[in-house]
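In structure tokens, the next block holds one chain alone, the form predicted alone.
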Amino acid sequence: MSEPEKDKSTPERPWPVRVVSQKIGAWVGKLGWVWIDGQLAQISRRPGTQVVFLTLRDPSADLSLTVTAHRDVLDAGAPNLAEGARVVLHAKPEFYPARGTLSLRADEIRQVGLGELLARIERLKRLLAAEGLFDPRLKRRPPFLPHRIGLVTGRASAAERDVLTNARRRWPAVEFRVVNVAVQGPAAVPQMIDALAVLDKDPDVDVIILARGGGSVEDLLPFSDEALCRAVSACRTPIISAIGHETDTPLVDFVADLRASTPTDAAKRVVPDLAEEWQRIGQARARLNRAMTGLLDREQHRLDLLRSRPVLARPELMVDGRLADLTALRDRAGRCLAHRLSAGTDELGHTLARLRALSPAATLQRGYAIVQRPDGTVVREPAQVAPGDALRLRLAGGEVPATVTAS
């Protein structure tokens, strides 16, 4: 059997616990010396010993490691080190088989100064801005009157009191769901991220306020943490950031949907003022009443003008005028008809006189006679008759028979 195969564990050849521990220690030892950045969660100086025990925590995750260092190393690199400070240390990981624990042994510790912290925040700010987390188009507008407000803040803090007092003073019926967390120190970021996740899942919470009172730059560092900024950006519920005072601008202010200068300002922005709303309603009703009154007055004036016109004030005048016109037209028609009848009568008389003057009967009346044969032929020449012919003489008063005696 080859050497590599002898080193493998099998069900028939399992490794003892000591062998596993030794191998883990060997693998950990291969990492060597590394530089580590973290936040100091705890310092333990045991009396009578030269070894200092430190708990180093990742501010963006719930992870921590134990670090051991000689007292001289700590005093040389960071003599005034306190819990919550950011440090950079040079350490080597070590695995202790007897206890099955992993720790770091540091030979150099440096406390991160304020200038370096601000420089890190500025670099992170540029990174988040380049990724679009500050884009104004992503900002969501908080509701005008939220059903319930989520509040993430320190327990019994001035920020909590300011938000609750001022919000209820403005709108007494407002409801809150308060989640108290650490707002500074190594546990602040994980607790705030968990609180945001809980409130974001609550369907009754319409807006979330992340609030903290004033403090130093170091105290407000958790609100410039990358993990917290990304958690705020990922929330579906609108977030209002109310951190510190007017001049304090942690990175979470740029990611939040709305920035309030103070917790009191957040209370003013999250709910309307009941007294102001009543005043606005009163003003709107007054404007509506004035508008309706003005409209009614204009329409009444218009109706009065219409009613004052003669056609509506005295409608009989229109009938009287039309009656007079009708009477005049009727009289005119009567005169025209009478004139036409008179002219027609005169013309008929003249025609009748001319007809009578031209009628044969009128000639007969003057003593003339018409000579006709028995067959009705009019005799105009003497040669047309012979002695003995029978004739008829037509007179005005009738006919007389006659006989030709001589020609």
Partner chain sequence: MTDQDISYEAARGELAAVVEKLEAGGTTLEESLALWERGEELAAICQRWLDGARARLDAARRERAAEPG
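Numbering follows the first chain given and starts at 1. All values derive from a computational prediction rather than experimental measurement. Take the two forms, find the largest set of C-alpha atoms that superpose within 1.5 Å, and that set is the rigid core.
The same protein also has a form predicted together with the partner chain, omitted here; what follows describes it.
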- Item | Stretch in contact in the predicted bound form with the partner chain, which is absent here, among 139-147, 303-311, 265-273, 220-228 (heavy atoms within 4.5 Å) | 303-311
- Message: By the heavy atom within 4.5 Å rule, which residue out of R287, R322, R335, R123 makes contact with the partner chain in the predicted bound form?
- Response: R322
- Query: Among P79, P172, P315, G132, which has at least one heavy atom within 4.5 Å of the partner chain in the predicted bound form?
  - Reply: P315
- Does any heavy atom of D297 come within 4.5 Å of a heavy atom of the partner chain in the predicted bound form? yes
- Message: I'd like to know if T293 sits close to the partner chain in the predicted bound form, meaning any non-hydrogen atom pair within 4.5 angstroms.
- Response: yes
- Message: Would R155 count as moving between the shown form and the other one, using a Cα shift of 2 angstroms or more after superposing the core as the test?
- Response: no
- For H245, is the C-alpha shift between the shown form and the other one 2 Å or more after core superposition? no
- Query: Once you line up the core, how about G321: does its CA shift reach 2 Å between the shown form and the other one?
  - Reply: yes
